[in-house]
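Coming up, as structure tokens: structure 1 and structure 2, two forms of one and the same protein chain.
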Structure 1
Amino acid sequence: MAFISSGYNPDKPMEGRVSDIGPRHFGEYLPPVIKENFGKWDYHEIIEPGILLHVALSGDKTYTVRAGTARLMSVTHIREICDIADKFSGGYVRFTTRNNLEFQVETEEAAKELKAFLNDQKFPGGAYKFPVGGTGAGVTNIVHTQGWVHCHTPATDASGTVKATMDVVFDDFTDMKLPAPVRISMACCLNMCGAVHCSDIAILGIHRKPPLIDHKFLDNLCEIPLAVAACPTGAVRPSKVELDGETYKTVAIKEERCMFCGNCYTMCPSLPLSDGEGDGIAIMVGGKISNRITKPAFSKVVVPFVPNEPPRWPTLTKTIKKILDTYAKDANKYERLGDWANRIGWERFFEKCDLPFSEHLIDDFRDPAYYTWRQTTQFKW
């Protein structure tokens, strides 16, 4: 039977089509000054912490007020942000890649007025709603992944560790008194849906135990071939066990092959990975994406394990504060944290930051990409 279409013309497939598939063009949401000078900017400078000036080749100027905010927000909070944008910046607001808010205004006076207003907005407990800062030689807003609130394979919490850490480094967020910018990032497991491996300081949740196996229910809840196929290292294989006189189809795990990724749990809820004793945090330092002065670098593990200590994570925050304060005191101007550690030597870094060192922290990873993919603006020799 022939297909009869109601008005569809295959020769003109887009004719008369009304669709909301796909995003709107970003140009619709640009402030007029940005749209008119798109790609034609001359320079920018930081007026004071949290306020930037951008000057176009045409001579047009725009002042940006940057404020830190949470990654996870309520609808009420977002509406409050929109109300602020309507009042001060013509209804325009943008989020940076590090979850900062940026409002753009026309004059320096308007920018300072907006900064004062944002700093006055507080939660009932006294915490800042929209603290202004995160520019220049200071700590930027801490990006993080989903943690216990939204993910099924985290080794630690995301929002909690970030809030606790930001509380102890908050002065470095609102000021620009560090030698260079410091990027702090957080990922709640080694899968790193938030890539923290190129950050000045990285908080990384780690699992240390292989998945538990619920033998009695596994065959009823899971497709065993899928659970086996999901393991990237071949650590999971089909098996049978006898419990209480009954034989159950299940899986076995070769523990020395397990890399604690949780992929098997994604396919099979009878293989939970989270464990109160085995889960915790590793701290990495020295990474960066910038090509400035030195080439981009991966972070290095400096603290292999910190236990989960909610709600304030005192061991984690004390260690990060120690590293940051030592860097601020000892580094040269414009020197990123990893560049400082390389200059003084990593052995001295551990001494100055009062961190224990073991042979497990020696970075001996090499593969062909290390030699063939070194594409930077730095000279090669």
Structure 2
Amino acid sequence: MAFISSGYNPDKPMEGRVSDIGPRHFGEYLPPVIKENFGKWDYHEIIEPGILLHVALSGDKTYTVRAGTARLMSVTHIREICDIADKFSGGYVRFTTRNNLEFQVETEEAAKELKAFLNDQKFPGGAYKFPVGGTGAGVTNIVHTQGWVHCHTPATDASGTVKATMDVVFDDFTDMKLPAPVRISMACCLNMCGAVHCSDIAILGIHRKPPLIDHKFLDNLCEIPLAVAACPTGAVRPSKVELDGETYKTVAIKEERCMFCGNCYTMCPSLPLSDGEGDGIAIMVGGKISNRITKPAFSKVVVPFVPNEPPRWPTLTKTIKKILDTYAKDANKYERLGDWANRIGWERFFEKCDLPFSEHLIDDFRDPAYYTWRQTTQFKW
């Protein structure tokens, strides 16, 4: 391999340097019909799952075909997307917030033709490349984080749990038969880079064992005061240990105070907390972000722990499917999952979804916990 220079000269890093220019202006990438009718749209319709029609005040129409993707994608795959866009949608393509693809076409026939084409593209293993769907009262693509593919703190994988889950709820991606949209999100640790705390259904990686302490290396790799300050519960304090006749400056951890958040590890690589048996997933439900009918709401933990069962996480996916199916059967039209649970009562939610209630589901973290306890005698048997 010969090093190919871009023109950058390491001896004179400032020479010809361009910085702080930000993104390109989005206006350069709008398809003509979008550009012409910018801010002048009249209404939209979902023609069939995965196909949207937008009609402008001018009478102009544009059809959108929406397809799911794994958000981790190769350059080969992106080139394939480009080929499709060049062939069908004038060389324009859009990614949605939830990692779906969208292509604009001019007619309903073209949209249906594109839908059929996209649904024909398969990987050698049999998976769809660009399954069309993700509109209306269904499940759309799962937003997720890095997991074991690229992060240092995950308690579970992200791409794998998402693939396994989407396989199980695939029908709800390609159809619109739920009472309301269901947004599933996935984050592989409590940092929630893909924050899932307000999703209809959330898959959240959690650790359950306090950090290990790499005493011999800690003081070399970490600033002890930073590690101490990082702990939200004050579980970490400076300490000394004798090992092999030598004294090391290190930290001690009050284990009963640890809530397994991994903040100390973020500040100090000598405090790893991953563990094959200890790590797994919490399932949260009932959050939403839209203001429609009811207010935005946080997700609630309804299953405190399911073990990591790679590659297909059967307990996780079975539980999600059960919750989704119970909701689909029981909820009213337009009622989001959390609104349904609020209406029937959470005690009823556990009963109907066949989920056990345990002490781990009673909040004990600081003040907000209090607002989740019941301060009334109005409850259901």
Partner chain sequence: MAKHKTPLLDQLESGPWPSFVSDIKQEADARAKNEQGLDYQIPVDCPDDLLGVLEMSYTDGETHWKHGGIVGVFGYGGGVIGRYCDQPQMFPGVAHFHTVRVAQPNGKWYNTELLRNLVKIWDLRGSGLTNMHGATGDIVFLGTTTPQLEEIFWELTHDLEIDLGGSGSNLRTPATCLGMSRCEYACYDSQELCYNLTQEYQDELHRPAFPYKFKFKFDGCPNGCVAAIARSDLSFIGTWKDEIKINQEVVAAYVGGEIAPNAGAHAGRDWGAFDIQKEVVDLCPSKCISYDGKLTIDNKECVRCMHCINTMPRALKIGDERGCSILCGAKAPILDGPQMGSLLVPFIEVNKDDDYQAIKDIVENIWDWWMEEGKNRERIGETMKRLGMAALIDAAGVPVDARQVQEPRHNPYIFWKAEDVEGGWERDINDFRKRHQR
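Note that the structure is predicted; figures quoted are calculated from it, not measured. By rigid core we mean the largest C-alpha set that fits within 1.5 Å across both forms. Numbering for residues begins at 1 and runs along the sequence of structure 1.
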ask   = Between structure 1 and structure 2, which should be identified as the form predicted in complex with its partner chain?
value = 2
key: Estimated from C-alpha overlays, the smaller rigid part's rotation between the two structures in whole degrees   = 12
request  = Fit the two forms on their core, then tell me the C-alpha shift of Gly234 between the two structures in angstrom.
outcome  = 4.4
request  = Align on the rigid core first, then pass along the CA displacement of Lys254 between the two structures in angstrom.
outcome  = 3.1
